[in-house]
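The chain below stands alone, shown as structure tokens; this is the form predicted alone.
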Amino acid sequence: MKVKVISRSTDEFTRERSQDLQRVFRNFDPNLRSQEKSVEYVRALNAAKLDKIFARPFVGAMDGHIDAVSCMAKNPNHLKGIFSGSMDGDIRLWDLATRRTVCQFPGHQGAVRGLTASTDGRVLVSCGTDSTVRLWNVPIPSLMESDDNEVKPLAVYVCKNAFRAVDHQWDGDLFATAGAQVDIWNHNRSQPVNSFAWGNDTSISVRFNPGEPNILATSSSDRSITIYDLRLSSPARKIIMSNKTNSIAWNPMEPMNFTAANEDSNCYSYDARKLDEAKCVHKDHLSAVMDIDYSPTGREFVTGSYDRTVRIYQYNAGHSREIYHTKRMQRVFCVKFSSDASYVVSGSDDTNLRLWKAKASEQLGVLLPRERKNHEYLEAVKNRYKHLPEVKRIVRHRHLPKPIYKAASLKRIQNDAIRKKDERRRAHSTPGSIPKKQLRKDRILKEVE
């Protein structure tokens, strides 16, 4: 005679902690759960509200500089290390976990305008308005708590003109500086191994492509964005926009795409193979966007602006996902994503670096498996009902400082007035005489090859 026995794994009913409730098994047959959708909607609504209640993005400030923070660089070999340079020539290495200065790199006589670290994290390159490029040996993490917290430069290269930016080649020994021209340097050479110039205007930013190490993009004060190939003797392509581009960032997961932070308060995403129009225009800032940096996932990027806010955008979204601000934070000059995409660091005019969570309501610390499952379930429920008006209103709502809120309202009125003026001009003109311009193409004046 066969006897049927119900067998269960002990993991299914064993409590993780003695305080936990005993697990209850439910039948999820839809015929028995007629109110399932309404219950899930209420859960989505409550999850959206709780996200707003627990949204505490600001982690802490790191003070120590005595002048405005002008540039930052990540240490690719050390997760919690970040370099910062200020307008008084001070360079510091910070430990994000303790929010303290690990060591200083004294030497620059003017503002530090560019910082970058080699891919192995052993060499730091800095440049500034004192017309020098300095190479520094980065202390290894195990010796970071040593008493000797000042580092002497490995090499100092003096040039004729001031520098505005520097970037290191991915998995290579070359680095590029931007100033009166674009210079390509080698660690072991005191003179540039190559120089590029297209026009007589100053280059203000430079970034190497993460996927193709021989390609780099620069922006100049003549409102142009130029793409160079180190294998060619001349620049490859160039576009001239209606406003100056302050910074450029390549998407690490889609290396053919880059995003430019522009003076007209927008960011423009381009495909380097097709520069005649932008792939996406990222709006919402109210003043010039000063810096931009992609998350290591390539799915979002962070921007810092003259309007004293930090915003996080999805890579393909026209509007920001998050906006961060504090009462004391002034104009933001530089921003960086942490190497694990969990945090954002901003440097501003008030001499402070600030550490923010990339997800404002994310729970810090070690999560238990049941807590992680609960977070994933609530996130899935929110995504399922995010199109409904009440959930959508709560998710989109942001508290803004009064000056930013008023400036946004004023900008909205101005944009509406410009749009109505164009519509009236088109309505009272010969059909087809005034073509309708798209914003993605309107800001590009011409493309040069």
Partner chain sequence: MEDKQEAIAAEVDILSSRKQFDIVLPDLGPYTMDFSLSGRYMVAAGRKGHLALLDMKNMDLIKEFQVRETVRDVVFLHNQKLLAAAQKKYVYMYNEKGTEMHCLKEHGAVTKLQFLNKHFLLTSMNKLGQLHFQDITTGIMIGNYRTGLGRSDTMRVNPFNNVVAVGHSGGTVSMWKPTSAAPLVKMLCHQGPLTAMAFHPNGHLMATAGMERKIKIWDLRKYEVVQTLSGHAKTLDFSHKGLLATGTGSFVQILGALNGSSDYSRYMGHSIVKGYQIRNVSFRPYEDVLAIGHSMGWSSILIPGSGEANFDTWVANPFETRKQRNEKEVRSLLDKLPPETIMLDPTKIGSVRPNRKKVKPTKQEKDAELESAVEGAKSRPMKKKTKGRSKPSKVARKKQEIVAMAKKPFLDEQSRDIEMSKKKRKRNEVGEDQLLLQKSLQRFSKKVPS
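Only a predicted model underlies this, so the values are computations on that prediction, with no experimental measurement involved. Rigid core (definition): largest C-alpha set, two forms, superposition within 1.5 Å. Residue numbers count along the first chain shown, from 1.
A second form of this protein, the form predicted in complex with the partner chain, is not displayed here; the remarks below concern that form.
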query	finding
Partner contact for N46 in the predicted complex: the partner chain, 4.5 angstroms, heavy atom	yes
4.5 Å heavy atom contact, K37 and the partner chain in the predicted complex	yes
Interface membership of T430, the partner chain in the predicted complex, 4.5 Å heavy atom rule	yes
4.5 angstroms heavy atom contact with the partner chain in the predicted complex for N31	yes
Contact at T10, Y41 and L388 by the partner chain in the predicted complex, all three, heavy atom at most 4.5 Å	yes
H397, R26, R412, R419 - the one with a heavy atom within 4.5 Å of the partner chain in the predicted complex	R26
Per-residue C-alpha change between the shown form and the other one, R23, threshold 2 Å, rigid core fit	yes
R33 C-alpha relocation of at least 2 Å between the shown form and the other one, rigid core basis	yes
